[in-house]
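One chain comes next, on its own, written out as structure tokens in the form predicted on its own.
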């Protein structure tokens, strides 16, 4: 119920849903870079797979030569040859 109210308020005030509802925002730049905003924490990291928890579940990035380009409290950037991005329930 509270989620629906926040969603309506976001629409009424023309706020981006990812901001109002703390949802993840993923932005890909080709296959070489993926920015994930509004993440909670890093669960797993290797050169082939990175798992990141968000409010909406777990984002799994797979590929080759994966590395973390930048980590802030709101944003994490994954670099490398990205071959897949999957979403799993928490």
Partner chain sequence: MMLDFWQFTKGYVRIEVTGFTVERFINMAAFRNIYLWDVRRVESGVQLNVSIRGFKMLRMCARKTKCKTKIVEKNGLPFLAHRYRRRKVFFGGVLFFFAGLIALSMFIWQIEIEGNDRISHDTILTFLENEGLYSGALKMRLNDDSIRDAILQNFDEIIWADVYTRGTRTQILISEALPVPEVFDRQTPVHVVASGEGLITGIATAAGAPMVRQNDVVREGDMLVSGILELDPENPGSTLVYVHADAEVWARRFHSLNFTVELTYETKIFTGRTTRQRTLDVLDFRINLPGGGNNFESYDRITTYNQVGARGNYPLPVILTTEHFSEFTPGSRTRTSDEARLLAESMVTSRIIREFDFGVDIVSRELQFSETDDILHVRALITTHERIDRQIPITVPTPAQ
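Positions refer to the first chain, counted from 1. Because the structure is predicted, anything quoted here is derived from the model rather than measured.
Beyond the structure shown, there is the form predicted together with its partner chain, which is absent from this document and is the topic of what follows.
Not displayed here, its partner chain is approached by residue 42 to within 4.5 Å at the level of heavy atoms in the predicted complex.
Although the partner is absent from this view, residue 24 stays clear of its partner chain in the predicted complex, with no non-hydrogen atom inside 4.5 angstroms. Its partner chain is not shown here, but in the predicted complex it comes within 4.5 Å of a heavy atom of residue 46.
Residues 67, 68, 69, 70, 71, 72, 73 of 61-77 are found to place at least one heavy atom within 4.5 Å of its partner chain in the predicted complex.
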